[in-house]
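First, one chain by itself in structure tokens, the form predicted alone.
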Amino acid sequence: MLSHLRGTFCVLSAGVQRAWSSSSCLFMDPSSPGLVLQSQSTDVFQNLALEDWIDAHVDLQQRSILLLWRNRPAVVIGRHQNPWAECSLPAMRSAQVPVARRRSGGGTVYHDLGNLNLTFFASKKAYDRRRNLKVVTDALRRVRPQLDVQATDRLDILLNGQYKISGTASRLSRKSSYHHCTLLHSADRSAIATLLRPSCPGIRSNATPSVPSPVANLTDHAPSLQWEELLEAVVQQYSSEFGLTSASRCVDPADEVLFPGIGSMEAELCSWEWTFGKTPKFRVETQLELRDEQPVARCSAELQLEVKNGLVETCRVEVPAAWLPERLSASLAQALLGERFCPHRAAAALSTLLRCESGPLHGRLRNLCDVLVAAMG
């Protein structure tokens, strides 16, 4: 049995297995009370789309499903979070790490190939997050009995009572549910520290904030724990808990034959309108430090913005009149109205204003524009 399971780990381990050819064959087998799927993709948007597709199209009243997946480096925010407040967008652009908004609530997490994601699908009636986490903790105790792992009241999993190795989020629909969690095997903790910090100062928002916690990898405390060993233990424990007898199946979330319409679901998750436009309304109140080199001079400006649906709804820039005439600061604020709260779009909008001002104040106006754009992350 172990060797048979080991051969099904596709991109999550070394083996490769062909995806089933039709969704009816995959999801309508009456002989099995459940199913374990492993994604062949390491693309965050494809895997989030696969979650959405299963939730929308599979009848979960008579069966449960466990989906195992991992991603290339990415930051994933909760449905009701603010990306500018949760992650360093400049650092992510520099490292070419995407940000994705999932449909479940909860906080922001960093994903890479050392982080295992588990999604437990069930009917709404069978929704039981503690049972799901017990699968994870029992699997860990099976492979490394010396590990002290416990689920908390917040439905995280702690190692040695202090280090978070797993976080939880969930989504409930009218009849179905899914609960997903992370499991840190060997993730890049330096990237977590670098990327999970605010992009913009002075954000005021009712968006769901993340709760920072000290984290650890399983390999920090069990260096010999191999990725395939961890996967095998999770699959075995889930199968034991839910009465499954069949092996796990590898699926390709880009397969439109197996998952009709999944491409459009992925496209929505990739869109700016979903990732940033779904951010709850927020304000930015911050101070901008200005500088003029000829002659050397400094001053401060006050920036006040309101952003709704990711677009600048109101903007006010207060600059001392001795530094810059009010007509120019007012024109700058007006140029941003209706634009995306985004450094690239803001820079494009302000470029016209800069071209129109060619006199001695051009340098100061440019400095104000540059500092304001930088404040947008």
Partner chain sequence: MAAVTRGSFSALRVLLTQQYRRRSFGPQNLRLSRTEPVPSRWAASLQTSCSRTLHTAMARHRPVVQFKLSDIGEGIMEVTVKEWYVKEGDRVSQFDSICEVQSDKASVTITSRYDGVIRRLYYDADATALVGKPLVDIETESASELSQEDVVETPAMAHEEHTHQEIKGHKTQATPAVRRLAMENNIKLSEVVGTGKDGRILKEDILNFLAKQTGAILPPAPLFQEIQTPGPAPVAAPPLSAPAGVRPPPATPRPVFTGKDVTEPLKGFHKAMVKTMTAALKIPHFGYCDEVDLSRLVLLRSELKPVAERRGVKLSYLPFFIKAASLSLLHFPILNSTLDEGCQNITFKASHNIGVAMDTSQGLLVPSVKSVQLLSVFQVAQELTRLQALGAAGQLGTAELSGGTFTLSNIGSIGGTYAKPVILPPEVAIGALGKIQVLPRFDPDGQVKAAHIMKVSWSADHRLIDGATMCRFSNLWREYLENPASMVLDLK
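Since we're looking at a predicted model, the values are computed, not measured. Positions refer to the first chain, counted from 1.
The next section is about a form of this same protein that is not shown, the form predicted together with the partner chain.
For the chain shown alone, Thr168 is a contact residue for the partner chain in the predicted complex, at least one non-hydrogen atom being within 4.5 angstroms.
In the predicted complex, at least one heavy atom of His344 sits within 4.5 Å of the partner chain.
Taking non-hydrogen atoms only, Leu337 approaches the partner chain to within 4.5 angstroms in the predicted complex. Interface membership of Ala349, defined by any non-hydrogen atom within 4.5 Å of the partner chain in the predicted complex, is confirmed. Note that among 283-291, 140-148, 126-134, 298-306, the stretch whose heavy atoms approach the partner chain to within 4.5 Å in the predicted complex is 126-134. Only one of Arg189, Arg79, Arg72, Arg249 comes within 4.5 Å of the partner chain in the predicted complex through a heavy atom, and that residue is Arg79.
Screening Pro212, Gly105, Gly161, Gly261 for any heavy atom within 4.5 Å of the partner chain in the predicted complex leaves a single hit, Gly105.
If you take 346-360 and check each residue for a heavy atom within 4.5 Å of the partner chain in the predicted complex, you get Ala347, Ala348, Ala349, Ser351, Thr352, Leu353, Arg355, Cys356, Glu357, Ser358, Gly359, in sequence order.
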